[in-house]
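Form predicted on its own, single chain, as structure tokens, below.
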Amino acid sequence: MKLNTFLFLVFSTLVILISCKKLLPDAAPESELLDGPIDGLTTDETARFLKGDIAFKEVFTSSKGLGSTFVASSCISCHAGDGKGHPSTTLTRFGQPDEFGNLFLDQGGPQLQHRALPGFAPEQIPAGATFSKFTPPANTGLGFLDYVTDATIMAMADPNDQDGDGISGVPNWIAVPDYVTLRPNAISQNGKHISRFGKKAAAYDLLHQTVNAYNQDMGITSTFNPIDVYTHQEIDPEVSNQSVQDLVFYLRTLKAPIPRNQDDPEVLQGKAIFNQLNCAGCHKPTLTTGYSPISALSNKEFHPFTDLLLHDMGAGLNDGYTEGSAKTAEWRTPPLWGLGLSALSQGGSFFLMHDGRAHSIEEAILLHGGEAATSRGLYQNLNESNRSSLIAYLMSL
């Protein structure tokens, strides 16, 4: 090849590469992404995080154990970018009208598998069963929540409203599955323990949550839960213990959302209003983890805006369905971190509250009742400028 020809080819290639680079969008800043690992993982922990990421994205088929009835075929299909779900991925839970147990476990409860493989019929809600819709939550920062101690949660509880602020959060006490290892210094009550994950705080830890998701969402059995959702019989595991534990590790080591625009005057004004309205009475801005074998999660201060407790949210949010010891109008305080990024994983629109019924942050605020009625009333009395400042603050989290 002649030198001139070679130089021409090199030059042309560089021009093409530079042109293509200009066409590609800039990478989104970390503060606008919900996925990614926490800082400070070791090399081995990072490798395991990546294995868990593969498990999170695995698509199940009938040959891999999917179904016969199911809700979704992968974790990522309900949690795009590790963010909130969409009405199309919303779950239906049914069969428990009070805190004394599910009455329809022999008829498919507690979760409706509304999809089915060819040749099988999807489930229907049995006659007489109360039900509720649960929009999949964001996955980020879960490890921090997992390592909050029971003592910390109990210290925030105020079942008799002794401080007189109208807020009386309580834990959800559940019977813990045999495969779960209790936390150090776990607190028990009548043989039950404090749980913290899910809309009703009905999952004890991330292993409990993950095993339930494999089984109830995808119809995948494991050694932890070998019961097939279609036949209700014990069958061989369809996912390995290693995959389950890798996925748990992935969820545990996802980063916390990064706040944005914290020095903006409007955001600072909104923060002051947030406190004036006593939104922080339930949405606790700051918590601290206890000991964790993962150093990056051990004894860390973080800012989730939740107390992990159940609160009575009033008749308007009473779906007549519950889990564990929670009453039908009680819901766990959802973390507000990452709220402003929710629409990015929800198709560009907001679907907030436990079932996605609120299409804006303001609509979500106005749906608050029960223990939050006083704060809602104070919000309604704000002028437009102060309302906008509060929304700007919530969008910045």
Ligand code: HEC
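Don't overthink the numbering: it's just position in the shown sequence, from 1. In this text the structure is predicted, and so the values were computed from the model without any measurement.
What follows is about the form predicted in complex with the ligand, which we do not show.
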(request) Note which of 214, 224, 147, 94 lies within 4.5 Å of the ligand in the model of the complex, where distance is taken over heavy atoms; exactly one does. (result) 214
(request) Would you kindly say which of 287, 153, 282, 129 lies with a heavy atom within 4.5 Å of the ligand in the model of the complex? (result) 282
(request) Would you mind picking out the stretch of 296 to 304, 117 to 125, 312 to 320, 97 to 105 that comes within 4.5 angstroms of the ligand in the model of the complex, counting non-hydrogen atoms? (result) 312 to 320
(request) Classify residue 134 as contacting or not contacting the ligand in the model of the complex by the rule of any non-hydrogen atom within 4.5 angstroms, answering yes or no. (result) yes
(request) Decide whether residue 375 counts as a contact residue for the ligand in the model of the complex under a heavy atom distance cut-off of 4.5 Å. (result) yes
(request) Consider residue 210 of the chain shown here, and say whether it contacts the ligand in the model of the complex, taking contact as heavy atoms within 4.5 Å. (result) yes
(message) Taking any heavy atom pair closer than or equal to 4.5 Å as contact, tell me whether residue 361 reaches the ligand in the model of the complex.
(response) yes
(message) Using a 4.5 Å heavy atom cutoff, which residues in 344 to 365 contact the ligand in the model of the complex? It's fine if the answer is none.
(response) 352, 353, 354, 361, 364, 365
